[in-house]
Ligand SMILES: Nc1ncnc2c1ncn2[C@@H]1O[C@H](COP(=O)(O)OP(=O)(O)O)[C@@H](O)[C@H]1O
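One chain follows as structure tokens, the form predicted alone.
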Amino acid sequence: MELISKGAEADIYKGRWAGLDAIYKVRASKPYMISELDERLRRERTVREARMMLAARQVVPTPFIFYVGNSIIVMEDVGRRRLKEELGNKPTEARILGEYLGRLHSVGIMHGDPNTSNVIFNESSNRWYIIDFGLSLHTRRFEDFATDVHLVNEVFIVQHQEVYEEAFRSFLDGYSSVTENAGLIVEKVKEIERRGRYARRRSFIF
């Protein structure tokens, strides 16, 4: 297998599964933790992520899961073309992230890490996929959904400054088009902003 990404929680490998291109997400052991606790946490987080992916798949495209082990998820390889690289020339493509996040929120799923690196275009199916549900959870709290939206705003500010306004407006258009309570969630985002919970560089667009 080929290591393609190394993260704080998991390493990502490209390989094969039953003759198909596959991605292996492996939660590495943490030597500073008690081994029994480390194994249990990795198992629980892996199973939870797989379940969240399956739930999300009912409303948005996610990679097909081939196998789930104690600390490994083997899934469909949907490609490397990330939304992050597209926004510089096509800021209105941000609408797709808005639509996908809105659909997830409408069925009570908080993504937890909604950024433009986690939306990938698959050439064979000609559609965008959303990935990485390691921080996802089932919820009906507007504040959880608002936190997702706030995180998207922060990503756009930091990573897409040159197209920030058009990209974020496109995101909000997509989000509002599929989310019944979009207005209430946006108000909750404003409340989060007023409380100063997160570091900021510029004001939120509305």
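Fair warning: this is a prediction, and the values are worked out from it, not measured in the lab. Counting begins at 1, following the sequence as shown.
Although not depicted, the form predicted in complex with the named molecule is the subject of the following passage.
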{"query": "In the predicted complex, the one of 192, 12, 20, 184 near the named molecule [non-hydrogen atom within 4.5 angstroms]", "finding": "12"}
{"query": "All of 112, 152 and 179 with a heavy atom within 4.5 Å of the named molecule in the predicted complex", "finding": "no"}
{"query": "Proximity of residue 86 to the named molecule in the predicted complex, heavy atoms at 4.5 Å", "finding": "no"}
{"query": "Interface membership of residue 79, the named molecule in the predicted complex, 4.5 Å heavy atom rule", "finding": "yes"}
{"query": "Contact label in the predicted complex: residue 75 to the named molecule, heavy atom within 4.5 Å", "finding": "yes"}
{"query": "Interface membership of residue 174, the named molecule in the predicted complex, 4.5 Å heavy atom rule", "finding": "no"}
{"query": "Residues of 101 to 138 having any heavy atom within 4.5 Å of the named molecule in the predicted complex, listed in sequence order", "finding": "117, 118, 120, 131, 132"}
